[in-house]
Every structure is written in structure tokens, then in C-alpha cells.
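Only one chain is included here, represented as C-alpha cells and corresponding to the form predicted on its own.
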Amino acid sequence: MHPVPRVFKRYLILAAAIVFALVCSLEGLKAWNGRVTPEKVASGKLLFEHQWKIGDSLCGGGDGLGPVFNARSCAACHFQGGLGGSSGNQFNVTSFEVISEGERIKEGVVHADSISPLEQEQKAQVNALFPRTIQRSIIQNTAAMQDCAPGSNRATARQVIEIDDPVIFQELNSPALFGVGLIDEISNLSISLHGQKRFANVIAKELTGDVSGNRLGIVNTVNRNIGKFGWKGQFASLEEFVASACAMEIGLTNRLHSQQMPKQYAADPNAAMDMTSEQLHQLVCFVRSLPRPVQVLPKETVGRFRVERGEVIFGQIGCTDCHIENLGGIEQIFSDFHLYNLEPIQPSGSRGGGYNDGEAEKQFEFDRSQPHPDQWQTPPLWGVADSAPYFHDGQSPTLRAAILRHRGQARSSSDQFSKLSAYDQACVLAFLKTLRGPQLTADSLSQP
């Protein structure tokens, strides 16, 4: 009996791992489906729409709304295209990160509202907590040295070096929640396998001397799981994402996250529960039930031809490197859930500046185990036609503007799009405009 070659053993192990991951995903989906009932979805919908108040009757022993918050309900920021959608820039959230010597030492949210005017938060408070560093050093004045006689005391000059502001403020737009229940079921293995496949393809191209194309991204690992929710993939599960939103955006303490202490940008360890475990579960059930976006194709032949041509070109110019159509058994999701620098990195010492050809990336020293401040997760494109404005900050009003703004690791695709004929550009946009939000009805929201 011949021994099994080592290479085949590796394939067998990989195949077994894939089967195991798929079984786990299916079992997880069955478990959730068993817990989601029409009654829980209906109760969760009421919680999603509820306008929370101070000392709210729905809060058992907590203080209800606040004390600092961004909205009084989930629906206030998730309504575009139907309940659960995105929103305009007027509902953006101001987040911040504090970076010191390449290490993230603090992150949080500057809340837009508060119960008391005395508790109102401002950006200036964050800057005061983490002031700009001034470094003073003595250096030799070379010009003076040249004028001094040999052996004489050399002149010196005091140079004041102003180090960058450690606080980075960023505006975050509310994402659409349609189809997030399906995203929750995508396995770590599916995301990892795609990343490894793309890595192999890039290496193969570079070995032939072809260094064009889009660069590779990273995944954000959260408690050994790949993050799939949040603009930086900072939440690995939908439950974590919803629980954090309740605490951070409305000030509702729950079993997973506590409300924030005003002006301290930290969770309140002594806050009483504003939501029971059952209420949190009901809310997650409703969000999981939100239907997935759909593709709506033109009925006329000419229109359909343009869409089909646009989809082909979308792939040819490299957009599907990151916006892959199918992942983990979910069709037309158009995301790889990796993080990328979509705009030029702001190097240390020159915030607000830019760089060319990646030179500043070498200068910017940062803890690579954490997402870079300028890295953002690839958003799923399903429903993109009904989710403007675009990008994490909502500063790209149109699909064309969003494509042209890809000037970082996806610059190759942006450049290729710019070089297309006007007709081909219109075809790509026509394809993207077929990726519509779900057709929401009362019946669709009641189905688990």
C-alpha cells in the first residue's frame, strides 16, 4: 500500500477544514433560525422604532436615554430606502482615535447630544485630554560652526519641533442594515480563503514583472474572529454590533456594552441595565430579519446590454478584486470584508497632506496589528444604488465620485475607470445602479 503523498494530505486537511467550517455555519444558521420567531421580530421592530426617553418605561432599572447620545432611536439613522436603510450626512457620527508613537491609545465618539447642556461633548475636550506634544532639542548650528575658529566654543541653536496632533477626528455615515443577517453567517474560512487566493494571484503576477493592479488588504481580527460589521470591521458578530450601537448611539446599557460617561469618553462601569437580555435579543432578531438587497435589471434589450457590458468592465478594471460578487454562499454581496487604504495615507508629521507612490507609507510607523486610521472595510455593494452618499464619511455624493475617490490601494481601478470612454463609464454606472435596496413590505419584515 503506497503512502499518501504529503501534498495530498494537505489538500485532505484543507478539504476537511472547509467541510467543518460549512457545517458550523449551517448549524449556527439553524440555531439562529430556531430562536427567531415572528413575535420576536415584531417586538424588535417596536424597539428599533421606539423614541427613547429619560427614565423610559421600557427600561427596567436604567436611566433610559443618554446621558450622552447621537439619536433617540435606531430608526432615526437607519431609514433611507425603508426601515433599516442608511442616512444622509446630517446624521453622521464624529469618531476619534488617539495615536501616540504608532500605537492607538484611545478611541471613541464625540456625542452630538446630551441630557444636560453641562454634559455636552465637544472636540476641544478631546484635544485638551490629549494635547499636541512639543519636543525641544538642542542641535548644532552648522552655519555658526563654520564661522568659529578651531578650538573655540561652537555656537548652538535651540530648535522647537512641534509633533503632530495625536487626535484624529473622522466623520462616519450610517450604513444600511439590509441583509446583515446573511453577512453574520459568512464564515471566517470563506473570507480567509478569498484573501489567500488573491494573495497568490498577486504574487504570481509580480513574479512575471507585472506590479500593476490593486494592492492587498487586511482583515481585522476580533477575539479570533474576522470582523464583518462596522466601518473598520471592529465587530465580528451582529449581536456585538447592535449592542454597541445601543450603548454608544442612544446610551442604552445592555449586557454586552455600557453607556458612556459624559466628557470622559469611557464606558460607565456602574450604569444600570437599560435593556434586558430578551430586549437585546428581540432587537437583533429584527435586524437579522431585514431582507437582502436585490438586483433589478432593465426590461428593454438595450438597457440590459449596457448593464451586462458594465458588469464585465467592472471586473476587467479590477473592481472585483475587493468587491467580489459571491462570498460564503451569499450571492451578489460584492465585498471581501478586508480593510484597505482607499485614499493616500496621511504620514506622521504632515496630517492633511498626501503622498505619491506609497512613499509616506514607509514613513508612517504604526502598529500593524490594528487597523490603520486610514483603513476602511470594503462595504458590500448590494443595494448601493439606494444608499448614497458614499464612503465612510458620506462625502462622495455619487457613484462616479466614489469611484474616482479611490486613490489609495485601489488606485489602479480608479485610473482605469478614468481612461474608459464615456460610454463604457456609463455602462459601469448602469450596472451599479441595478444593485437596489430591497422592496420592503410589511410581509417581508415579519418573516424570520
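Here the structure is a predicted model, which is why all the values come from computation and not from measurement. The first residue of the shown sequence is 1; numbering continues from there.
Another form exists, predicted together with heme C; not displayed. Remarks below refer to it.
- Although the partner is absent from the chain shown here, none of Ile99, Gln125 and Gln370 has a heavy atom within 4.5 Å of heme C in the predicted complex.
- Heavy atoms within 4.5 Å of heme C in the predicted complex are found in exactly one of 282-290, 184-192, 325-333, 257-265, that being 282-290.
- Taking Val110, Leu238, Leu83, Val219 one by one, only a single residue has any non-hydrogen atom within 4.5 Å of heme C in the predicted complex, and it is Leu238.
- Of the residues given (Ala271, Ile226, Leu342, Val167), Leu342 alone sits with a heavy atom within 4.5 Å of heme C in the predicted complex.
- Contact between Ser114 and heme C in the predicted complex is not found at the 4.5 Å heavy atom cutoff.
- In the predicted complex, Gly64 stays away from heme C, with no heavy atom inside 4.5 Å.
- Using a 4.5 angstroms threshold between heavy atoms, Ser413 counts as touching heme C in the predicted complex.
- Leu432 belongs to the set of residues with a heavy atom inside 4.5 Å of heme C in the predicted complex.
- For the partner-free chain shown, Cys246, Glu249, Ile250 of 246-265 come within 4.5 angstroms of heme C in the predicted complex, judged by any non-hydrogen atom.
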